[in-house]
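Just one chain is shown here, as structure tokens, and it is the form predicted on its own.
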């Protein structure tokens, strides 16, 4: 079942409550796949010394206003509200600002290497792979300006995609230079687009007034010729910024992470400087194939009250990543929720003991309830997709044994003592 696919509702009254638009329930087995993805991510980034941080789901609205007053996230998409104490708060639309605010508040030892996973909230048009409540996994590092750190961050995301089995992911990299480089480039874009603004789409003309850099994000056909002819950021880099970017790409070459330099690549948030990057899943529709990205944000910590502290990180979309996995046929959802199903034909008391023994040993086990017949219990065992059944009848109860039956149809069954049960189950589950 695709992630977040709708399920038939059960009518219990004249009105059935449904999840709000742009949200959905994630049921098993999709929920198990979701959890497994986060576990893989934690293992990959944990191997490089990143430690989990869990920021609050809402912050004072000023925290997110540092993303840029001209960005759509702040202007149009942020869920903000006044609480009962008269404070203006916002549901987090992303987690970088929250992590950096936490750094500013607690001042952990540098370098501060953190990872996170969890939901964010943006009011935008719901569509495939994009929801108003959406999850991301990501990392943030504060302290060093070393271009090798940028390469480490990028390579961790690449290794994560590799661990999921994805092969059709491409990496785009660029540099936005220093704040001064960026300011010069924005002015060059303003001059370029203003000279022929009549050729731009109406939406891009509006964007041009607010932030010329955002015009480069447009995928409208009418804007393509002017965007293709626009100045390139890479040609406006200072010597220091150019050397930093060369250090990033050299390190990526050294560890074998393939990339393409994309001179038009800009990120949607205003705090980025120097390194920017984006991952695209080629197996998805080209218009919606971005699965994650990030960059360097050296001024954000100071904006949030900390001393000047450089930072770099990324966020990867869970929904889009899983859609890419679906498209490539990798990282599938689990086939079964349990390993063993206990069938108790003695009235149900034996199942209490047997399931507890199996569960205590670390295997996943379930049983039937309400004194159902042997036939009904076996049907439930087949529906559970468990690999094995442990059957306890009156004969087994009297003899202190159980029957272990292979529900996959290839291993038959055997009767063993209670003391041999766990060993037998583990041997058959290998």
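Positions refer to the first chain, counted from 1. Please read these numbers as outputs of a predicted model, since none were measured by experiment.
Beyond what is shown, the protein has a form predicted in complex with adenosine monophosphate (AMP); the following relates to that form.
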Quick one: find which of 334-342, 128-136, 165-173, 237-245 has residues within 4.5 Å of adenosine monophosphate (AMP) in the predicted bound form by heavy atom distance.
-> 128-136
Tell me, out of 113, 320, 101, 274, which residue has a non-hydrogen atom within 4.5 angstroms of adenosine monophosphate (AMP) in the predicted bound form.
-> 320
If we test each of 190, 122, 159, 184 for a heavy atom within 4.5 Å of adenosine monophosphate (AMP) in the predicted bound form, the one that passes is 122
Verify the contact flag for residue 292: yes if a non-hydrogen atom of it lies within 4.5 Å of a non-hydrogen atom of adenosine monophosphate (AMP) in the predicted bound form, no if not.
-> yes
Though only this chain appears here, would residue 91 touch adenosine monophosphate (AMP) in the predicted bound form if you measure heavy atom gaps against 4.5 Å?
-> no
Contact label in the predicted bound form: residue 315 to adenosine monophosphate (AMP), heavy atom within 4.5 Å | yes
Using the partner position in the predicted bound form, report whether residue 205 sits within 4.5 Å of adenosine monophosphate (AMP), counting heavy atoms only.
-> no
